[in-house]
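Presented as structure tokens, the chain that follows is alone, the form predicted on its own.
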Amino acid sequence: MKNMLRYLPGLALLTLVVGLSAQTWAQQVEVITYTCRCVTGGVNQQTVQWLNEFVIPTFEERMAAAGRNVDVQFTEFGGSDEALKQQYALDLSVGRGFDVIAFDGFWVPEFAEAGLIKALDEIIGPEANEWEGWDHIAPSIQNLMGFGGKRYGIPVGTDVRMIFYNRELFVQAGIPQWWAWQPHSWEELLATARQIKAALPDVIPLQINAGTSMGEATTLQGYYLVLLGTGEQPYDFATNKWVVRSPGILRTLQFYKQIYIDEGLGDARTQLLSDARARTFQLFSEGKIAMLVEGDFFWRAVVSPTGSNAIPNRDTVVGWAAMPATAPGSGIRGQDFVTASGGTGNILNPNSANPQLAWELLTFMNSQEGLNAAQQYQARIRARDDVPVPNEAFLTVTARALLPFTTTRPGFPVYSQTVSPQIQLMTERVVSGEFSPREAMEAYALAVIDAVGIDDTEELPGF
């Protein structure tokens, strides 16, 4: 008993040391937070799986092996893109928010100019420009998360836009070469729509996004692809001015009028509903729309066998074609076909208490290893050129075919604040029959001039 008592002080000291070590380890937990528009069982559910099953556990294990106790706390957001944008603006304006934030490249100029976000090298230092991944991301793709020549985030991927069509409906309507249909002009596209209307009166031949309820989907998937086919775009990079009146704008609006008003080749009411985009997805999946102009998101997340509007035999039923210019060679840069690309990625919160750890998480997510893992949950066109699209012939083929033709949106805050919303309103006024194409163009011109000043706008001759 005496011998045991002799060792008790030492045991007590050892217990105290062990206890203090455990307490010190617990006290040194480094918490890092992340959020994205993604929900288990809902929108972008594959991203949730990738984060929970690969990114978070693997990153925490790697940190533990390096002697760091890291806790990645992930918050799902199930609201709309606009609601998420508003939440970000509120959080960042008061110095709060998540450490790493999923971000639409479309928002970067507006947030950067407002001082709500900072360039990566301003937050991290020169190290941010030395990341190995930049050598595997084309400058044009890097610009999707950039503004003013600076990198504000790392893009996850990009996309392309095209015409999706229902092969079964094409067969029923007697469309030639239904298995690999490709119009080479607007007139060929309209001729196909007319043939479908005559043969299948209960089917909507062609939907091209229009109206305000679709938001940016109207601008990028609809108006942009039509305007590019005229050889124009909203911003003239040669003169650094916004084009507010032009033959291309007028021809684009006349095309909308021809489809929705004059010939009834599209359903105007669907475009004006508050749930317009969801409605078009549903109608296409039900075989009630023959042709729909959309982005590759439609293929991989909407009509995929596990998508929100699944078509179980999608690969057999759904075909695709490039959007033609008005005529061969008349598109932007003299192209026969046109498309547009956007992109999303992740940024660092300039208010983060641990920016270095946030940077480590961000670069791990966008490493070759991280994105190869992401491809196992949802195959898509990734930003890195060393991350192939596995077992997905559609994305491989469309990326190879369309990316050489692509155009991106002007990287100025006024685009998202004024120009794009006014484009949406312009198309809505025509599709609803409220305004003629010329009246709608004039209203658009006045709104943009009011926003940016007449010196930063121009009109092209011939309209």
Partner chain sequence: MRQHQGIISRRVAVAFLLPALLFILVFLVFPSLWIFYLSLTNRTLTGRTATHPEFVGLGNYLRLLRPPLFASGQFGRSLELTLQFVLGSALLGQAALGLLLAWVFYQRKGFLKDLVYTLAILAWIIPSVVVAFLWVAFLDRDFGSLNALLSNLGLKPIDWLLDAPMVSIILFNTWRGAAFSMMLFSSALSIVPPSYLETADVVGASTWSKFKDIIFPLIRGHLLTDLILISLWTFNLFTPFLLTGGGPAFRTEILAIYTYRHAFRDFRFGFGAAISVVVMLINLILSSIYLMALRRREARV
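The term rigid core refers to the most C-alpha atoms you can superpose between the two forms while keeping them within 1.5 Å. Note that this is a predicted model, so its numbers are computed, not measured. Residue numbers count along the first chain shown, from 1.
Keep in mind that the form predicted together with the partner chain is not shown, yet the notes after this line are about it.
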> Of the listed stretches (385-393, 190-198, 352-360, 108-116), which one has a non-hydrogen atom within 4.5 Å of the partner chain in the predicted complex?
Replying inline: 108-116
>> Please determine whether residue 30 contacts the partner chain in the predicted complex, using a 4.5 Å cut-off between heavy atoms.
In response: no
> At the 4.5 Å heavy atom threshold, is residue 333 in contact with the partner chain in the predicted complex?
Replying inline: no
> Does the partner chain come within 4.5 Å of any heavy atom of residue 85 in the predicted complex?
Replying inline: yes
> Using heavy atoms and a 4.5 Å limit, would one call residue 409 a contact residue for the partner chain in the predicted complex?
Replying inline: no
> Out of 272, 124, 317, 160, which one falls within 4.5 Å of the partner chain in the predicted complex, going by heavy atoms?
Replying inline: 272
>> To verify the annotation, which of these, 171, 138, 310, 90, has a non-hydrogen atom within 4.5 Å of the partner chain in the predicted complex?
In response: 90
>> Quick one: 296, 321 and 323 and the partner chain in the predicted complex, is every residue within 4.5 Å by at least one heavy atom?
In response: no
> Does any residue in 148-163 get within 4.5 Å of the partner chain in the predicted complex, counting heavy atoms only, and if so which ones?
Replying inline: none
> By the 2 angstroms cut-off, has the C-alpha of residue 191 moved between this form and the one not shown once the rigid core is superposed?
Replying inline: no
>> Tell me whether residue 379 is among the residues that move between this form and the one not shown (Cα shift of 2 angstroms or more, core superposed).
In response: no
